[in-house]
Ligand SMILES: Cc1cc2nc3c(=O)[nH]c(=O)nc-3n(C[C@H](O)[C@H](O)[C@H](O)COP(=O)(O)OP(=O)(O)OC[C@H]3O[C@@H](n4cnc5c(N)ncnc54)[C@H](O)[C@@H]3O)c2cc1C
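Let's start with one chain on its own, the form predicted alone, as structure tokens.
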């Protein structure tokens, strides 16, 4: 009897790999997920939990589509992912920041999304623990939050229920190609896995997987810190972000960027962020960065001064030069798909990424056009610069 080889090998056990495994297994494919550590041991286990939005273009389309998927998945997945539709508020602590939020509101509303401005007391009516010195905010009532580790585990469990194989603490050491340069097998520390299709969902490590097949993937790690407090009574009703958050995301490669991000879990812990810096694969905690981050958060929520921190950690976001993910099949290596480069939006964009990859592999009509997410866009950009 001929051995049953997996139809697809997914490399990476974070939220993106888990979502890819979930949607592929739902289509009846034989899926084998390989993860070098434990499930959600990378960025998906070291991040905030808001499901937000990006203002324009394909980024907005991805976040809106994923938000709709989460609303139904929360009822379908085998584990409670702590999905709460609390809304997000971007908060301005200066008139300049408020003017930026006003411009954002016009853009978002013109795209058909719901949001409204909160000024002065209106902001405190929604979030009474905020500083009264803040100017105002922009409230997105349809945004939500999930617990990232629980969400990743839930997608993995659902894939396992469809007979997907989940192999953790197994590192990919090489990829074997056929004579015609198509995918033939994945080599790991636990043996060879024959397959014709690979999904590279290795997050910040995706570039090294690409080099195994001779492809340059412009993804580098971008470090971010999180502070977790002791459980406290409810203080934050929504999910709070600095009006300068997107400026922090878009800071140049040399800068340390810090912005306020605050959310409270169902268990009462408050998570403080955020920071962004390029430090290679170093995940050690930088206490100067922590000081800057906490100082910024105290500007918005002074009551934090009376709460104890119980844990601090850092994760590595997968960064691309244009801050958009790569969701594509490599032109040079048929059967080699990439689902990576989501920077700080992996939790937000996970479901739609997994669904699009599944649709691409099974030949279905795509929910969204993905031309703007191709790997080749970076080669085209390099070519235009040289000319």
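Residue numbers count along the first chain shown, from 1. Predicted, not measured: the structure shown is a model, and the values here were computed from it.
Heads up, the form predicted in complex with the ligand isn't pictured, but that's what we're talking about next.
- Only one of 223-231, 79-87, 299-307, 135-143 lies within 4.5 Å of the ligand in the predicted complex by heavy atoms, and it is 223-231.
- Proximity to the ligand in the predicted complex, defined as a heavy atom within 4.5 Å, holds among 330, 352, 29, 46 only for 46.
- Of the heavy atoms in residue 172, some are within 4.5 Å of the ligand in the predicted complex.
- Within this chain, residue 202 lines the site of the ligand in the predicted complex, having a heavy atom no more than 4.5 Å away.
- The ligand is not drawn, but in the predicted complex it has a heavy atom within 4.5 Å of residue 11.
- Among heavy atoms of residue 41, some come within 4.5 Å of the ligand in the predicted complex.
- Residues 342, 343, 344, 345, 346, 347, 348 are the ones in 336-360 with at least one heavy atom within 4.5 Å of the ligand in the predicted complex, listed in sequence order.
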